[in-house]
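This document opens with one chain alone, in structure tokens, the form predicted on its own.
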Amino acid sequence: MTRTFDDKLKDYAALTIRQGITIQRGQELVIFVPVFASDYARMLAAEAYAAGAKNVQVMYTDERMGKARFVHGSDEAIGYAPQWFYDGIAAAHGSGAARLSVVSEDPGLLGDIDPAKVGKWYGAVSGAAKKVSEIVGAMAINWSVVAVPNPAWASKVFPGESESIAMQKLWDAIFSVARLDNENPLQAWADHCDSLERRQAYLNDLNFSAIHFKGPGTDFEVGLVDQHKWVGGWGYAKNGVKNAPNIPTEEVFCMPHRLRTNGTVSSTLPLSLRGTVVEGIQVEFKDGQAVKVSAKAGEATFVGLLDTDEGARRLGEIALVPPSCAVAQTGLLFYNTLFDENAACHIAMGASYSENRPGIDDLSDDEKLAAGANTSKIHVDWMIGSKDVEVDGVLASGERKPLMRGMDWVEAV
């Protein structure tokens, strides 16, 4: 039986609400969605109400309106983020409302804007949204991120195609990596997340002290925090909900120790960052800190990101993703981190996720730092893996165990 676009779109909404968010009966839901995707927002709301949501609050976003701030706004406007708005969002999540972000970016929208202006605004937002970030980062609520195409993004991924064909192809790619081409897509997604849980259990049993990457332009060792926990596939929010924070997802990820990363690492895919495409990143780390940074394109934007605060030059995440995974096998560069980070091993500059170190939320700020957790206003992933990059786990004894070679994991689980 041939499944139509409408069939898959309905399944995408069902997957997002039923397994991405796993909305609970009587729970509220806040949806952030681009204004052009209002029809899809209505579909999501209908699915959420059918699943028992008490209230669905939609917050429309418009990145082109946001660009007007940089083109026409004063210095005061560029450095301002409304605290009252983010306090309201934090209050909603603090009262138990789930969170869904529907993302859709124009990768080059801000390419003609001074990176210092963009960095100033993102810094203001990071400060105002600190409480929201803490709630999300601690998995205090069930939250998820999914994507919808827009013409500028689709044309970047499929250059030379007409707008309509590019949009169709990008939708098809999104449906494919969300497992929506299967006869029973929700079951296919659940099976996939279960397989990632088996991989995380395998890594947790081995209890590595570090992960080592070796490849072109890369000789790089990431020390892990003591008592770390690899996470992948399903998320387990502190409100008791099992859900999928990212659709798609192909990663298992862990917490680096903020002082134990050393060596040189090079990016293997471009990074879409703050409306600019950053390419050819190379960073040298010493005792956890990025001490030498360069990029072939977008360097000012990337360096500006690392200058956000002291923690922005340290790692908050390390993630393992085999080149054989579904996202990588599309052969596409998505110019969107939600997808590209799920096509390759990656690291993240900035804040750690507390779910990777059980009990860390019970520690004081000083104790968290002593345990190796990193704090920052940012958390930005960039890709460092490929079939040419070997990945080894390092045991406390110093023994190295091969984890990835070529296209896949060395050992099946």
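The first residue of the sequence shown is number 1, and the count goes up from there. From a predicted model like this one, the values you see are computed outputs, not experimental measurements.
Keep in mind the form predicted together with another copy of the chain is missing from the figure; the text below concerns it.
Chemist: Are Ala128, Arg198 and Leu273 jointly within 4.5 Å of another copy of the chain in the predicted bound form, each by at least one heavy atom?
Modeler: Result no, not one residue of the spot touches another copy of the chain.
Chemist: Out of the stretches listed (23-31, 359-367, 344-352, 375-383), which one is close to another copy of the chain in the predicted bound form, meaning heavy atoms within 4.5 Å?
Modeler: Of the stretches listed, the one contacting the partner is 23-31.
Chemist: Contact with another copy of the chain in the predicted bound form for Asp39, defined as at least one heavy atom pair within 4.5 Å: yes or no?
Modeler: So Asp39 counts as contacting another copy of the chain.
Chemist: Taking heavy atoms only, is Lys54 within 4.5 angstroms of another copy of the chain in the predicted bound form?
Modeler: The answer is yes: Lys54 has a heavy atom within 4.5 Å of another copy of the chain.
Chemist: Though only this chain appears here, would Lys286 touch another copy of the chain in the predicted bound form if you measure heavy atom gaps against 4.5 Å?
Modeler: Looking in the predicted bound form, residue contacts with another copy of the chain do not include Lys286, since no heavy atom lies within 4.5 Å.
Chemist: Determine whether any heavy atom of Ala92 comes within 4.5 Å of a heavy atom of another copy of the chain in the predicted bound form, and answer yes or no.
Modeler: Yes.
Chemist: Looking at Asp112, Glu76, Asp226, Asp191, which has any heavy atom no more than 4.5 Å from another copy of the chain in the predicted bound form?
Modeler: Going through each option in turn, the one that passes is Glu76.
Chemist: Suppose contact means any heavy atom within 4.5 Å; which members of 74-88 contact another copy of the chain in the predicted bound form?
Modeler: The stretch 74-88, when checked against another copy of the chain in the predicted bound form, contributes Ser74, Glu76, Ala77, Tyr80, Pro82, Trp84, Phe85, Gly88 at the 4.5 Å heavy-atom cut-off.
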